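Let's start with one chain on its own, the form predicted alone, as structure tokens.
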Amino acid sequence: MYIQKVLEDLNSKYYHQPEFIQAVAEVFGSISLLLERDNRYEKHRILERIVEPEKIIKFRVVWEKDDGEIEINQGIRVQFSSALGPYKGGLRFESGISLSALKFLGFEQAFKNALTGLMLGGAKGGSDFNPKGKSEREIMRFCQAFIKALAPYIGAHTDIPAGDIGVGEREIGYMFGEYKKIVNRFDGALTGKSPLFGGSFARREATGYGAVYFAKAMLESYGLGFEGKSCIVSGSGNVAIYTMEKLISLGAKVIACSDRSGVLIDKNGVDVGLIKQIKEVDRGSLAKYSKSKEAEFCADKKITGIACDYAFFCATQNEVDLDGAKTMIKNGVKAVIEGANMPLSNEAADLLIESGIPYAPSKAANAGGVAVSGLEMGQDAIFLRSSFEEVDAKLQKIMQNIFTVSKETAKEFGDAKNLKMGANIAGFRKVADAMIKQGL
């Protein structure tokens, strides 16, 4: 079988990149019916081509600490696919970043971006630099050194990086300021900027809001809604915070969230304003929350063990394994939504689908951030800025369209409720067809 042969070859070649193999297996596990119906993909060897990035750029980043000591970090940019538009995807600054993880994220990004309907290719990048514990000036110096090394490979019509874990509006601002000096022009070569200089309103909220907008469309198709429903949201970073904010505005009660140090449980409903203060201003642990509220903080508890109506996973990849999915099903979860990049293992996601639990895959539900990044690129190209309300309305429409396309594609292939299959086939087919039309 074509798929099996390509996967076996990939496992042999990249056995040391488990995250990347997982991402490929997740997509390939959904597209067998498409390949059976259309032999063009095998004829043009699309699977063998689509699993190899178009380019991988690796570079050193040399910068100076406040005490004068010289530090050296590694930078990587995986430019996976430009079939549908310029490379587009975030940058992660975190210790332990690997090529395997970035290839996984870049591969996922190519199909996610295809679902938005915008002219976007797929990429991902980052560095093993960890901003935590660094001074403001050290972060600035690192960002300037990083973008100096990356600048020759990016541009408004080539590759447009954005933020991700460890990279927010502050870091993007430092990189953009240095990039302008290097190229001697003002263009939209980075997204996630401050609205003061070309950034889009609603970009900070976009991924979290988008996940909720997708979930809303999915739940409505089942005759369900948010009013009075209990929710858990893993994570407490940008995506999680704005997922919680939007859920609460729609009448849901968020009873738990988490960070690297543990799980916060507030049966009365979490105070998002306090979480923003702790995480965005103080940059501290959620353990501080329970000091001012009647809440419980558990350092040794898994968030999947907390009974709820809807579960949103907004932290990082592979945070929910098969046992976590079993626990949620046992506790009566009514829907599971991926706000981060593939936070559920393939086995966990498949169990939810087999059990009939409404499940929103990250390829679809996590697309809100890149959708608004695409809108920011358009605003920068014509030097005009849209209001928050205008961007938010476009975001809602894009997420509704992604749900519709995913559902209709799933229905086309015989399982209207399998949004994982629908999103994977829809995204893959768009990228693959573009590759065929553009020739070798």
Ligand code: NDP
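One rule holds for the numbers: they count along the sequence shown, beginning at 1. Small disclaimer: the values here were computed from a predicted structure and weren't measured.
The following text describes the form predicted together with the ligand, which does not appear among the structures shown.
Asks: Of 67-75, 297-305, 178-186, 159-167, which is the one stretch near the ligand in the predicted bound form, taking non-hydrogen atoms within 4.5 angstroms as near?
Replies: After filtering at 4.5 Å, what remains is 159-167.
Asks: Sort through 81, 127, 200, 341 and report the residue having a heavy atom within 4.5 Å of the ligand in the predicted bound form.
Replies: Residue within 4.5 Å of the partner: 341.
Asks: Identify, from the list 237, 155, 358, 195, the residue with a heavy atom within 4.5 Å of the ligand in the predicted bound form.
Replies: Looking at the other structure, the residue within range turns out to be 237.
Asks: Under a 4.5 Å heavy atom criterion, is residue 145 part of the interface with the ligand in the predicted bound form?
Replies: No, no contact at 4.5 Å.
Asks: Does residue 94 make contact with the ligand in the predicted bound form, using a 4.5 Å heavy atom cut-off?
Replies: Yes, residue 94 is a contact residue.
Asks: Decide whether residue 314 counts as a contact residue for the ligand in the predicted bound form under a heavy atom distance cut-off of 4.5 Å.
Replies: Heavy-atom contact with the ligand at 4.5 Å: present for residue 314.
Asks: Residue 260: heavy atom within 4.5 Å of the ligand in the predicted bound form?
Replies: Answer yes; at least one heavy atom of residue 260 falls within 4.5 Å of the ligand in the predicted bound form.
Asks: Can you work out whether the ligand is within 4.5 angstroms of a heavy atom in all three of 30, 334 and 424 in the predicted bound form?
Replies: Judged in the predicted bound form, none of 30, 334 and 424 sits within 4.5 Å of the ligand.
Asks: Only counting heavy atoms and a 4.5 Å limit, does any residue of 107-140 reach the ligand in the predicted bound form, and if so which ones?
Replies: Those in contact are 112, 124, 132.
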